[in-house]
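Listed next as structure tokens is one chain, alone, in the form predicted alone.
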């Protein structure tokens, strides 16, 4: 029975890499269904995403590919299946609701393990989709104490990504480092402009002509992690900052959905503080 896999390769650039990698596939009798590659000339890094079909063992194929390229190579052979995600929210429903509907309609290509919140506000919404909802209030707790309880819940699950679907709390370095490159955030601004609190009001006061939304991986540099997806919405002087905020909510859920689709289908490489998107 034929297998199918996404092969992701990130390594130091060198001559003949495409030939060497393709030869491994050819020698194993595998068919290349789709292939894209790019070189970051400044960092001298090579990135390649290939979809192959045929009869193979994923571990053996990965080992053979490692022997064909540089020793520093990061290689993944991923057989397509639904990834597992955990959602974290506070009070706003638009991003969460969009993800829940897409999941219910079979469009998400992911399994939602649970929804974690620091408020009970969205519990009724989540219960309609038969997904576990865990409320961990932060009242009376230090940030570290609260996060410790959140992490204890998260660590009960096997998961691929944590999605901050409007989770309105700044995460500590301990939390971020525990789930490095696994946390995806939607920011209600066209980063790197207007980071931090109330970016719509900042944008209004600056008199901008566009607003936007940015989905990015979370790092310990606030709102400055590698960007996955962005989009913009034209605005003008007739809109108040609250009008901008309402318009921006639609952009946020669309951008987050686009970012999730890219990540869940293994189309994103982290390249320093940037991403390579295939």
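Numbering follows the first chain given and starts at 1. As the structure is a computational prediction, the values presented were derived from the model and not from experiment.
The next section is about a form of this same protein that is not shown, the form predicted in complex with another copy of the chain.
The contact with another copy of the chain in the predicted complex, taken as any heavy atom within 4.5 Å, belongs to 206 out of 156, 81, 74, 206. Only one segment in the set 143-151, 169-177, 103-111, 82-90 has residues whose heavy atoms sit within 4.5 Å of another copy of the chain in the predicted complex; it is 103-111.
By the criterion of a heavy atom within 4.5 Å, residue 34 is counted among the residues contacting another copy of the chain in the predicted complex. Residue contact check for residue 276: one or more of its heavy atoms lie within 4.5 Å of another copy of the chain in the predicted complex. Interface membership of residue 224, defined by any non-hydrogen atom within 4.5 Å of another copy of the chain in the predicted complex, is confirmed. In the predicted complex, another copy of the chain lies farther than 4.5 Å from every heavy atom of residue 58.
Using a 4.5 Å cut-off to another copy of the chain in the predicted complex, each of 26, 98 and 237 places a heavy atom inside that distance. Contacts between 9-30 and another copy of the chain, taken as any heavy atom within 4.5 Å in the predicted complex, involve 15, 16, 18, 19, 20, 22, 23, 26, 29, 30.
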